[in-house]
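Form predicted on its own, single chain, as structure tokens, below.
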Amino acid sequence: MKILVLDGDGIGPEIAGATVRAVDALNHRLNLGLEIERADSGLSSLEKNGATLTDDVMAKAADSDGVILGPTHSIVYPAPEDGGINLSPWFRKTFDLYANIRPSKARAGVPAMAPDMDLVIARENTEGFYADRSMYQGSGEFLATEDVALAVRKITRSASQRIAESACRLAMTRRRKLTIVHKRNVLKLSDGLFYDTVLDVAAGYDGLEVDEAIIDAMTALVVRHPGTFDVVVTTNMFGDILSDLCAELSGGLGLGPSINAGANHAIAQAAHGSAPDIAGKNTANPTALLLSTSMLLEWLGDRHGREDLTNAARRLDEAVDAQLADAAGRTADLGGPLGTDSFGEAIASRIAG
């Protein structure tokens, strides 16, 4: 089984290095048979090869079983025709990664504003208000006149059905509770279609409790009663915003993992950015990418019926939890003394032991 690792930009090479050490330890300890390959991407690849993502790396990604993608600093990339291919959209569109799954969980010993939070946001990842996802050709955002900007929001029944299926299946493995987040009181047609479609899908899951919340009320509810939520399913932009809020409440974006998954491909990708201001200082927290990789291993285990990969995901989660529970085992952002490298080495040691 092939895993491609793309470092990305900023702190990406550092946190990807820590993650690879952990995966190597799992590979050795559990005899997983994983083939790990690292390849150039982002600004490093642009400088060396003239493109942030080369044809060769694209082919390797297509041939891999899973990808670990470090954060990117795409805002400084040149235009695509000048080699500035934005990695995240390329993966999402090329492999139709329709489900962005983002857990937020308070972890023992880590200061959190919502210590009882343990929820997962299932975010639709291919449409909504995002200008690059609304149109077959052209942009979903445009100027009608010099002084009038318009945006098109696309919601389809098919996309709503498949994120609903992902969310329902996930909820059935947890506490069997699904919350649909929407704004159908105002966006009556688009969010009305999303809500009705999710409700229809959820009706096919016996024992699944379903409720709903309007997005503005939901932002208050996850602050006031975070422990009441299990799996939250929502549209693209609402999910993007809500998941960052939940990550901060549960301990910070540095702990926020995510996976972007489709029918046949998935990538592990931390929810945070590339933090160029601390790049190369060995201070970045690799937890989010480590936990994202755990999610990727679990996805691969489920898809291929490989219990050893599922066990590897659990072992990685447990190693991260044990490391974070020790005040002397955390990185500087959490008040600890460890650098990125030493944190990664500690995780690998826990796995090996």
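Start at 1 with the first residue shown and count on from there. Every value quoted in this text rests on a predicted model; they were computed, and no experiment measured them.
Just so you know, the form predicted together with a small molecule exists too; it's not on screen, but the next bit is about it.
- Think of it this way: in the model of the complex, the small molecule has a heavy atom of just one of Ala275, Leu97, Ala247, Cys168 within 4.5 Å, and the residue is Ala275.
- Interface residue among Arg153, Arg184, His73, Arg176, judged by heavy atoms within 4.5 Å of the small molecule in the model of the complex: His73.
- For the chain shown alone, Ala213 is not a contact residue for the small molecule in the model of the complex, no non-hydrogen atom being within 4.5 angstroms.
- Residue contact check for Asn285: one or more of its heavy atoms lie within 4.5 Å of the small molecule in the model of the complex.
- The small molecule is not drawn, but in the model of the complex it has a heavy atom within 4.5 Å of Asp333.
- Within 4.5 Å of any heavy atom of the small molecule in the model of the complex lies no heavy atom of Ile241.
- Partner proximity in the model of the complex, defined as non-hydrogen atoms within 4.5 angstroms of the small molecule, places exactly one of 108-116, 88-96, 129-137, 275-283 at the interface: 275-283.
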